[in-house]
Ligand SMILES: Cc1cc2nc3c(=O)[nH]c(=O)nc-3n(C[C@H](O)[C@H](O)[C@H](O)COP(=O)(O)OP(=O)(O)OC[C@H]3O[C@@H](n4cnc5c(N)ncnc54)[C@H](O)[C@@H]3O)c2cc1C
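Read the single chain below, which is given as structure tokens and is the form predicted on its own.
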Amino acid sequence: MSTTASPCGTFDATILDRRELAANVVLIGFDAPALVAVTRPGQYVMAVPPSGEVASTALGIYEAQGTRGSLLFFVVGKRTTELAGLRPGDGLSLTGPLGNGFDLSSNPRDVAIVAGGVGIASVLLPAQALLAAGARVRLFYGARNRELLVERERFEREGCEVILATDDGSAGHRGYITQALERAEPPELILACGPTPMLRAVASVAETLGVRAQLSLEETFACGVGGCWGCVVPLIGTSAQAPNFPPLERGGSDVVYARICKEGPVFWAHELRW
């Protein structure tokens, strides 16, 4: 996994467009050429609600092409409610790009991307990069119901093979998307983003299949830049992503705590010690 960060800064973006994809699911496009130019697949931003009355919130970068980027998010609280109220022409302050993103340097030829719910917001860019390199990409996409399987047609248009699952059976497999992954032809590599229970299941399936998996962990970040250590996850100390401090003690534990916002949010599944 790459541990090299992209150049990070705070950018004044202008809202270009806004779409409601489903109930409480919003996509906002913005103009921020300097940010878009340095964004890697799987990175995120801290978006500052315009009023300044609530803290910034971490959102995956959905699109990044030319001068246009976009954010896809579920409206679940004060911060996302305020962001959802933005309209074309409004300004938005974005800090990023943050995090390591997905590592595609091995040039995999057959990749399964697993997305659960809002996890879809972080996997369009890696899908596009893989397809552009000639890889076969299968999107395993799960949600509570058909209406929340937003943007599935977009991935089909990009060239992904799309496998669906819903809790209520209204589209695709009835049940968990990881069940569909388990039954599918094993890929060369798995990329996943979604709720923690789903990511744990993906890690288990990957181990059973003997396939390496990269997991983008979801967490509520307080600072987003690694200063508060409020979003840690146990990781083997020999990982290239292990932080330089605190140092391992001779004869002590082989596990260290890595910051999801700083060393992650993407980790190799086999290196995590949840």
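In case it trips you up, residue 1 is the first one in the sequence shown, and so on. Predicted model, so just to flag it, every value in this text is computed and none were measured.
Another form, the form predicted together with this ligand, is not on view; read the next lines as being about it.
- Note on contacts: among Val118, Leu86, Ala171, Ala129, the single residue with a heavy atom within 4.5 Å of this ligand in the predicted complex is Val118.
- This chain lacks the partner; the member of Leu149, Leu125, Leu72, Ile190 within 4.5 angstroms of this ligand in the predicted complex by a non-hydrogen atom is Leu72.
- When this ligand is considered in the predicted complex, Arg109 lies well away from it, no heavy atom lying within 4.5 Å.
- Taking the partner from the other structure, this ligand in the predicted complex has no heavy atom within 4.5 Å of any heavy atom of Ala64.
- Put simply, Arg154 is far from this ligand in the predicted complex: not one heavy atom of it is within 4.5 Å.
- Using a 4.5 Å cutoff between non-hydrogen atoms, Thr80 counts as a contact of this ligand in the predicted complex.
- Comparing 203 to 211, 234 to 242, 217 to 225, 28 to 36 against this ligand in the predicted complex, the single stretch with non-hydrogen atoms within 4.5 angstroms of it is 217 to 225.
- With contact defined as any non-hydrogen atom lying within 4.5 angstroms of this ligand in the predicted complex, Pro265 is the only contacting residue in 254 to 274.
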